[in-house]
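This document starts with one chain, in the form predicted on its own, laid out as structure tokens.
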Amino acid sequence: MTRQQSIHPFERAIAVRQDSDGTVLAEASTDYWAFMGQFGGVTAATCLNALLRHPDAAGQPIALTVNFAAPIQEGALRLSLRRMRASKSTQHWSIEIHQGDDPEPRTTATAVLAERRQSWSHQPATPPSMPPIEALRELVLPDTVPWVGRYRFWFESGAPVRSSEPLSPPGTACSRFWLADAIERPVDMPSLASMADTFFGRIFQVRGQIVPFGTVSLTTYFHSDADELRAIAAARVIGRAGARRFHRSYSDQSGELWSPDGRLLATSHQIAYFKA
């Protein structure tokens, strides 16, 4: 096995390097391909990975917003990062991803890093009540969208439904499931950023059909830090997803990622386009 083959596919997908002129470079990953381009979760994770490796970055991620202006296509990516403002406790960054000769960015993002100090802690949120993975059947989907095959899903409720006609009445928008990388690895900050986009389009679940769909903007809030994730050393998390309204071609959806021992690790909110 070569060194390249021994690297986890996720590590390859989000890898960044600095060119001689200081430009941050990456490569779009066909291992994590979606319908029209790279899976948005990996794009978000690449942005975060580039930021965490920046020499001027300080602190832990607490918020990441990624706007998917155009699909990421195969080939090289150029990332530009700029620190917009910093205080003693926070840094605010902007990130853009360019491809080829296109003068406009394909992805724009903002991120906030913060010094997470010891303080009072309280979690009003209640984790989903989930059976052990061994009690659930693993979801097996057709091998048509590569990114889906890079994860494993065990649904307790709200598993994807396929119907020849739109469901009437519409199905539930809520799902609860266990989630892990197909090749297991400990969950870290970049993988949380990617997993925050693994909640299948709620429109698919509600209608029982695959329709044209794409995330426009995704915001992830991180409620844990790198030290806590290393201490937990979890390779599996619990996901809970839902949505509030589908209206005039756009819908929201939200998600939660929990540790097996009931700690809320991250929450996500997105607005997505659909055609139905």
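Everything quoted here is computed from the prediction, not taken from an experiment. The numbering used is simple: start at 1 and walk along the sequence shown.
The same protein also exists as the form predicted in complex with another copy of the chain; that form is not shown, yet it is the one meant from here on.
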- Query: Should N67 be counted as a contact of another copy of the chain in the model of the complex, where contact means heavy atoms within 4.5 Å?
  - Reply: yes
- Task: Verify the contact flag for A276: yes if a non-hydrogen atom of it lies within 4.5 Å of a non-hydrogen atom of another copy of the chain in the model of the complex, no if not.
- Result: yes
- Query: Going by a heavy atom distance of 4.5 Å, is A173 a contact of another copy of the chain in the model of the complex?
  - Reply: yes
- Message: I'd like to know if Q209 sits close to another copy of the chain in the model of the complex, meaning any non-hydrogen atom pair within 4.5 angstroms.
- Response: no
- Assert contact residue (another copy of the chain, in the model of the complex, non-hydrogen atom within 4.5 Å, options T144, S129, S163, Q123) equals Q123
- Query: in the model of the complex, do I72, K88 and R185 all reach within 4.5 Å of another copy of the chain through at least one heavy atom apiece?
  - Reply: no
- Query: Since the chain is shown here on its own, which stretch among 201-209, 186-194, 154-162, 134-142 would lie within 4.5 Å of another copy of the chain in the model of the complex, judged by heavy atoms?
  - Reply: 201-209
- Message: Suppose contact means any heavy atom within 4.5 Å; which members of 255-276 contact another copy of the chain in the model of the complex?
- Response: E256, R263, L264, T267, H269, Q270, I271, Y273, F274, A276
